[in-house]
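Single chain ahead, written as structure tokens, the form predicted on its own.
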């Protein structure tokens, strides 16, 4: 769990209109005009709120011919609500603190002071920690051409092909027709304790 993701989620959900949209989408997918009509708001207002909900991966969209339908990402909703319960659990808090300390040690060991990756760890757990650190500089929802992604990775390590491949293998990103995009964090390979 990353604190900034948790804060971002609850900040975004701190708006009554967004809660009403989530409530509507919990019943099933709707297009923007239907949501606007049910809530008595203008389509641009609904678009604004849906974009905010998409930023936290709570809503995703699918196109059906000329209509875009919005869906509730129920797994994100369940995961984010369970995080608060975990924060009250002392054992869970202790595990998270230990993982954060271990994560920082791995980052310190595998990166130079100027941010270059010394080498790719052999141990899976450390490798995933390194990749999550690298992925932080990429934007959710942005589409990256292969050349652009290669240039980004080269800032950290010369073996961009291996790292790019690992991003796909570990579900940090998906590739379609040479275009790369970040997956929601819930799909990323899990760092086991």
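Since the model is a prediction, treat every value here as computed from it, not as a measurement. Numbering follows the first chain given and starts at 1.
Just so it is clear, the following notes concern the form predicted in complex with the DNA, a form of the same protein that is not shown.
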message = Just to confirm the contact call: exactly one of 130-138, 25-33, 145-153, 159-167 touches the DNA in the predicted bound form at a 4.5 Å heavy atom cutoff, so which is it?
response = 25-33
Full three-residue contact with the DNA in the predicted bound form, heavy atom 4.5 Å, for 4, 80 and 103 = no
ask   = Is there a heavy atom of residue 38 lying 4.5 Å or less from a heavy atom of the DNA in the predicted bound form?
value = no
message = Can you tell me whether residue 49 touches the DNA? I mean in the predicted bound form, with a 4.5 angstroms heavy atom cut-off.
response = yes
key: Non-hydrogen atom contact residue 11 with the DNA in the predicted bound form at 4.5 angstroms   = yes
inquiry  = With a cut-off of 4.5 Å between heavy atoms, is residue 181 one of the residues that contacts the DNA in the predicted bound form?
reply    = no
task = Enumerate the residues of 60-80 that have a non-hydrogen atom within 4.5 Å of the DNA in the predicted bound form, in sequence order, or give none.
result = 61, 63, 65, 66, 67, 68, 70
